[in-house]
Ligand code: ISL
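Given next, in structure tokens, is a single chain: the form predicted alone.
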């Protein structure tokens, strides 16, 4: 079939998120680094991914492990230096791998030189680079806004008689995007990394950049904790954001084939879609899919809502099952160590219309680690224990082999390695043709080989909402049928005469046996089986 050049690499490709602290340690200090990533580029080529997204690598005091930036134009020494970064870019590009950086532009670290200056006096030129409000006579916060990490979003500075605003930790003061100097400085950060050859950016909590200029109280809502007991009408999703995104897009478009994806904070599919267009972001995360329970109807409803919202904006979908803030899908959806369900999820993720994101270790079924309270490093976990145990659990070292520290480091890692690394690791799964790793490889290879998986329309089929999810991916001259059994028991998918006029060829099954169509108008699926069929 004839292919066109109208679809970009980020639409057809698979993007792999790396949490640098935990991927590969090259210098034996127990923390992953850029040179460690470089040594594993061939592994990523073998897996078949098209791009890597690096969680923040800038200098940081690590109150929020990199999401509190103290210098936007450098590399934290624990990860390496700018020369190491340039080499990583060069080596990745030579292998056909794009590099996406995480940009945290809503707030800085309180140790950033800008904020140190802002704290010195009200008259300092950098003071208005952050969001300040005068204290009331009774020293109450300026409004009722809450930090998502707990408590008021306002921190009082007695020396200045003012409060500064922080959506996250108090060590992460929000910058004032209404200040033209801040705007210019942040846009220059984008230009700096584009000039160094990065292929795109993941914009952290981009829809929080602007707050309502009058700072009114947020109205009440039902919720368990302070932040959740408010409707966030005035501290996120403000209209001033759209012109800024357009300006960022104009800058990025000056560099061919660059990519902008945004993390939409606390937003619906409809909100996320409004930020995606030919003049705004290329894509935005909608996390409804990530939070679906093990239920095919819920997954389908999420997919259809996202597709419908994006169609109105002419946007392109993306899907993610894991990231650095969420318990791993292998723990959320599986009890024990079997990977049958994970193969069903992998098939879903990698056969939908849109860009799939894989989180490091997902391809070998890494589970959450278990930590005592004394072992937790994430301040959110310390504060909200035992109701929320923090994000360390999904950030443990990559499991490369069965050695003492899983091949990640020669020294004690910054977080414990999961005990199952002795047998659940890349080395072992590479050698096993039926492993989850090799199933991911096979799915990614199929995406490359079959245009309908990359470009075809998504057409859901009538299905059993309790057990089955089935859909077509359709291009002229090529139709694929994806059938997923969410039940541990065998199920039949009724196809009807229209779908059985032509024979189907088995392309892939998550089970060992060759699995033909059974009967004239149905497909028989074993428990937790995923099947891909082709009709030319």
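Residue numbers count along the first chain shown, from 1. Remember, predicted model here, so these are calculated numbers, not experimental data.
Not on display, but discussed next: the form predicted together with the ligand.
Only one of the listed residues (112, 107, 282, 367) places a non-hydrogen atom within 4.5 angstroms of the ligand in the model of the complex, and that residue is 107.
This chain appears without its partner; in the model of the complex, the one residue of 148, 376, 89, 352 with a heavy atom within 4.5 Å of the ligand is 148. Contact check for residue 50: every heavy atom lies farther than 4.5 Å from the ligand in the model of the complex. Mapping the unseen interface onto this chain, residue 64 counts among the residues with a heavy atom inside 4.5 Å of the ligand in the model of the complex.
Heavy atoms of residue 249 never reach within 4.5 Å of the ligand in the model of the complex, leaving it off the interface. Residue contact check for residue 205: one or more of its heavy atoms lie within 4.5 Å of the ligand in the model of the complex. Comment: 148 to 156 is the region of 405 to 413, 148 to 156, 331 to 339, 422 to 430 lying near the ligand in the model of the complex, near meaning a non-hydrogen atom within 4.5 Å. Not one of 9, 319 and 455 is positioned with any heavy atom within 4.5 Å of the ligand in the model of the complex. Applying a 4.5 Å heavy atom cutoff to the ligand in the model of the complex picks out 168, 172 from 162 to 199, in order along the sequence.
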